[in-house]
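So this first bit is one chain, no partners, the form predicted alone, shown in structure tokens.
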């Protein structure tokens, strides 16, 4: 049987785990329930994918990200992992075929939306299948006191209780207060779970606050400093997102807007274009980004203040998932606070809640807004200290990587790569090749190689397959499919430079 380190190297191209991953993986492999609170970019999916590869049977992953399951399964296949998804985007015939193949044990991982759990066909499959584990992604959605409550999540515990042989259940979330963690354990009926919190701090992210007189000009200036890099601009209103996208396009920046008011096919087109790299900047409402696995997002700008720090940190955390330096800018206007405050006062008016329940929800939302405003108006306290402190952690008084600590609202020089001119030239050649190769293969660029891997290749200049295998982050599948092309570009570049 393969050990977890061999699986890690073969499928993911890494020699070591990130902090916390190995303990979570070992707990699941031993059959122990688990609650893992891990920030965006910390490698949550690997914590259930490695056990799924290690254990006999099929892992079931319950996720609310219906529109993204196709991409997740495609990424699995790029890593040589057979997977499938069951959700409302499939036709009845496609669903029947996927369940048949899953019943035959042809998949190591099956993604399913929570509303599928009550389907007779799906339940029939689950009752007969050899389920190696059940992973619940975005587990905070189960808490009625969280900001992303989804009623379908309340069915998960009942579903698990019906299984004739209960596998280990593992819940994963990026943001969870003590109350939400308690709800996750109770509603999923987790049995003496191994609890892991890998830390909320993301040292590679530079946090900045700015209160410009002209927010549009500030956005344009920030993006122009990062020509060709991928980023997201979050807006509180759809009209803002549409207007900003138009302005950026008029400046010859490949941009597009994304919000719930767009047709499904348009949103899919924008999302796919962003993942491929054809669209560099997305201007979006909070409808965009949940579950987006694009490691090379170099900046996230908030055009206005979000409603709570949970939302802010989750959205800002979509930058720098490759662990390379990234920039998170919040443009603060005190008027945003009063707009949110007015909206909160009318929250849940149409919900079937008692007066006491409605009052509790409004008070909780107001408290979250006050904490967000406290952060956004900070002038003397380290932003990272305030941010992770909200989630119950402490950091040094001065982090040295935020606008309060450095006095710089844009540390553009510290974000640029340390490669020399010839290495940067090689890096661009590699980017061009990998974009073309990924498009021909019908896979996202990041599933072949991200910016961090391309910079390592450019710096180390591997000359053969064995030396290419030593590049951290390149999976065996990537090397088999694209290694010859990468080596050809590197060797040709070296030859030209030597001449």
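Numbering follows the first chain given and starts at 1. Fair warning: this is a prediction, and the values are worked out from it, not measured in the lab.
Keep in mind the form predicted together with a small molecule is missing from the figure; the text below concerns it.
K.L.:
Picking from 466-474, 432-440, 55-63, 32-40, which part of the chain touches the small molecule in the model of the complex when contact means heavy atoms within 4.5 Å?
P.N.:
That would be stretch 32-40.
K.L.:
In the model of the complex, does residue 18 have a heavy atom within 4.5 Å of the small molecule?
P.N.:
Output for residue 18 is yes: heavy atoms within 4.5 Å of the small molecule.
K.L.:
Just checking whether residue 455 would be counted as a contact of the small molecule in the model of the complex - the rule being heavy atoms within 4.5 angstroms.
P.N.:
No, residue 455 stays farther than 4.5 Å from the small molecule in the model of the complex.
K.L.:
Give a yes or no for residue 27: in the model of the complex, does one of its heavy atoms lie within 4.5 Å of a heavy atom belonging to the small molecule?
P.N.:
No, no contact at 4.5 Å.
K.L.:
Would residue 45 count as a contact of the small molecule in the model of the complex, using a 4.5 angstroms cut-off between non-hydrogen atoms?
P.N.:
Yes - in the model of the complex, heavy atoms of residue 45 and the small molecule come within 4.5 Å of each other.
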